[in-house]
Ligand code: ARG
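Heads up, the chain below is alone and in the form predicted alone; it's given as structure tokens.
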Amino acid sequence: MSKAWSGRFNKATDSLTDDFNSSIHFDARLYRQDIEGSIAHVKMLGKQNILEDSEVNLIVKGLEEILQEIESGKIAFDIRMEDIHMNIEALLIERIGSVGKKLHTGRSRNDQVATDMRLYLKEMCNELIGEISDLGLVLLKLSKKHTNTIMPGYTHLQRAQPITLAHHLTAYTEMLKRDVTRFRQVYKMSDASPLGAGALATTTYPLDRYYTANLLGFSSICQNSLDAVSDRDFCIDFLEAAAVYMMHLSRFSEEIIIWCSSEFNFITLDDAYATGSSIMPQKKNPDIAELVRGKTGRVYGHLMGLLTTMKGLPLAYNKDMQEDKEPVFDTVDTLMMVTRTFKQMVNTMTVNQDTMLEAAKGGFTNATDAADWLVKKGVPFRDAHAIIGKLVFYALEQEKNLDDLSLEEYQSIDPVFDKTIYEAIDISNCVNARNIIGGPAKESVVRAIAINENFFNSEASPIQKKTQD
């Protein structure tokens, strides 16, 4: 079977060239977007009287049959046809004859592939928005169970102040909300149709670009034909959003790995989401969290790879741009698998509440509250800070916590102390006294959970296709 561009050449391409040049082994997943784009294009050709209605109907029917057969696994693609576009066109010509050769009128593979990729990313963004929202709701469900589960909050991985597990988890839901917003923005950046831009300079045929954009659910068209075929910003935007999302999951994974260690013992992973050792029978390893952390580097690499590919390309299309697909496709697959597995791992883990509480009571996490108590007694904050610093040093020497010190010991550091200090440094009071917006108090966290649930249940719903009037 000869190639569509073979008229210019006197000899066939070498098999190595075919293998190196071909993209069908990875762009085959664009078959549905490619056929949808072709159907919209040929309907527009009919509307504009460029093709006869009978020709349009025959081509559309042929394309619909090819789509059904691809989805039922009856079609094997041919590497000699290079890519998904030429494979489908060759199948169409084989089935309906020379009329199929009219499908590509007024179109180039350059605007065709750009259209396919934009359709694909819009769909994938919607799917990811749904998956990330589901993960967010799982975290919020867990948060509701643990609004009273006190744990230490950390800075520099040192115990700092007492918070609740719910407060900690809702920090991650805030990250996920931003991730959803990023993928919604990627959807919008992808939501312009390149179809009709041709190879780089449109065409002499009277195409109606708004009509094809409308049929394909795009909200607008690309305004410059050179940019339409050479733009891959939307792919880079997707990879950037994916990299930030993976960074968030990697941070959470790091904490899960630490928390399930014997040294922390804050959580216990379900056996279904952990693995063992081939030599050490006692081991239970957090491999899922470790793989999420590891795959983050993979996604970062895809982002840097495509940025590097694009950085030196003159206008308009260059074959280098074929390298956009594999990183995007692999990133989509990675994010889907990571999100679904991570969600189940978190949903099934056991929280060791007593261990968390004991950890919060240690490490002088209530020291700031002791300082605040002094300030409320009229002591300037810097003086209060120094007094509590001395108190902590004394407690360390005595191998005691602040709660364990007698009132006489407090007053030996500063006579301003009275018995109400014990109420101020009670761990539960330390948490629930912080009842301003964003704080760890139960009332504040419950408000945050409600706000975030509303976001994931409504604002994060899949974006609907827009059509032109």
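Quick caveat: nothing in here was measured; it's all calculated off a predicted structure. Residue numbers run from 1 along the displayed sequence.
Beyond the structure shown, there is the form predicted in complex with this ligand, which is absent from this document and is the topic of what follows.
For the three residues Lys141, His167 and Glu453, a heavy atom within 4.5 Å of this ligand turns up in the predicted complex in no case. You can rule out all but one of 370-378, 217-225, 109-117, 235-243: in the predicted complex, only 109-117 has residues with a heavy atom within 4.5 Å of this ligand. Scanning Tyr317, Phe329, Tyr172, Phe364 against this ligand in the predicted complex with a 4.5 Å heavy atom cut-off leaves one residue, Tyr317. Contact with this ligand in the predicted complex, judged by any heavy atom within 4.5 Å, is made by just one of Lys177, Arg159, Lys325, Arg184: Lys325. Using a 4.5 Å cutoff between non-hydrogen atoms, His85 counts as a contact of this ligand in the predicted complex.
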